[in-house]
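Single chain ahead, by itself, as structure tokens, in the form predicted on its own.
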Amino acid sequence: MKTLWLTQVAAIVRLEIGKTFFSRRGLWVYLLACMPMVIFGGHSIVWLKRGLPCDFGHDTNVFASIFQVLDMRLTLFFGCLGIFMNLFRGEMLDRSLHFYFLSPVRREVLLVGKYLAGLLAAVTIFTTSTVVQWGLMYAHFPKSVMESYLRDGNGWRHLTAYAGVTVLGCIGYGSVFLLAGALMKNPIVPAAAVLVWESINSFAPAVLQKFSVIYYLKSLCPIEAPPDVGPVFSMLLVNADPVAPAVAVPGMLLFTMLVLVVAAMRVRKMEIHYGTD
């Protein structure tokens, strides 16, 4: 039976992957992923044209701040919303979900297959974006400086950490928005609720903080954002009670599993009413 389920999951992933990568509803996700790259690319171009020296440490802190404010809280958040919210809701709008429901596939298996297809797309798009951003940020520095940073400094560790945070963000936000797409017809309401919760997470009680994605992502960032980013951003970036990676990664995965279990329970009872949409 497990072999059959794995075969069905693999088949669903193959069916969904093309729709996930090339959906017309999701084209704006690519623009969202390119936005930070334009910012960092423009930064390097300006400094190269001026021919002025640049502070490597300052640029490293700038990247840390922009990654935590723009990438984690906006780009990754809304990108996963666009990909995962449409996995079930998009099928409802296209009036094609009943084909899956009429096939001899358990709905939990269908959910796992759709989630993995969305996760593959999100990780590919946004991890690539993160790595390119990191490279563009330092493109105006001499090659010897970058080689020293990678060889003698923490360059590879920082890059790996940023890519890992991006992957975990896709895993966590993907499960949340997959559940939201299965529960709600209007994506604005759950998206707004999750965005507010993630924004006020730093002020929530310690126990409640663990029921969010941003809590674990902030703990895994390799560099804390500097305090001179302004009072508003400082409140968003503060992480008074960070956890070690050995706790943050399993915690994020456990949170995701709980969300997917709830989503599976919802999908199992889902009924299709095309006439009400």
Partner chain sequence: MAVYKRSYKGYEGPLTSRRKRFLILSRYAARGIFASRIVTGLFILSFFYPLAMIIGLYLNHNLSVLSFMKLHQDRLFDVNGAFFMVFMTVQSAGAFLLTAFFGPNLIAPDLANNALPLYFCRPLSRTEYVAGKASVILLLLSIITWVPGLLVFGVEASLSGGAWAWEHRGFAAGILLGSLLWISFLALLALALSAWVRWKLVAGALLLGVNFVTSGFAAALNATMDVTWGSYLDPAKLLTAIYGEFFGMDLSLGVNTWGALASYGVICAFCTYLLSRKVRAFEVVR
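Positions refer to the first chain, counted from 1. All values reported here derive from a predicted model rather than from experimental measurement.
Although not depicted, the form predicted in complex with the partner chain is the subject of the following passage.
Screening 208, 48, 70, 249 for any heavy atom within 4.5 Å of the partner chain in the predicted bound form leaves a single hit, 70. Note on contacts: among 195, 116, 145, 159, the single residue with a heavy atom within 4.5 Å of the partner chain in the predicted bound form is 195. Of the candidate stretches 125-133, 181-189, 200-208, 149-157, only 181-189 has residues whose heavy atoms lie within 4.5 Å of the partner chain in the predicted bound form. None of the heavy atoms of residue 223 is located within 4.5 Å of the partner chain in the predicted bound form. Contact check for residue 42: a non-hydrogen atom falls within 4.5 Å of the partner chain in the predicted bound form.
Within this chain, residue 243 is remote from the site of the partner chain in the predicted bound form, having no heavy atom within 4.5 Å. Under a 4.5 angstroms non-hydrogen atom cutoff, the partner chain in the predicted bound form has residue 81 among its neighbouring residues. Heavy atoms closer than or equal to 4.5 Å to the partner chain in the predicted bound form belong, across 81-106, to the residues 81, 86, 89, 90, 93, ordered by sequence position.
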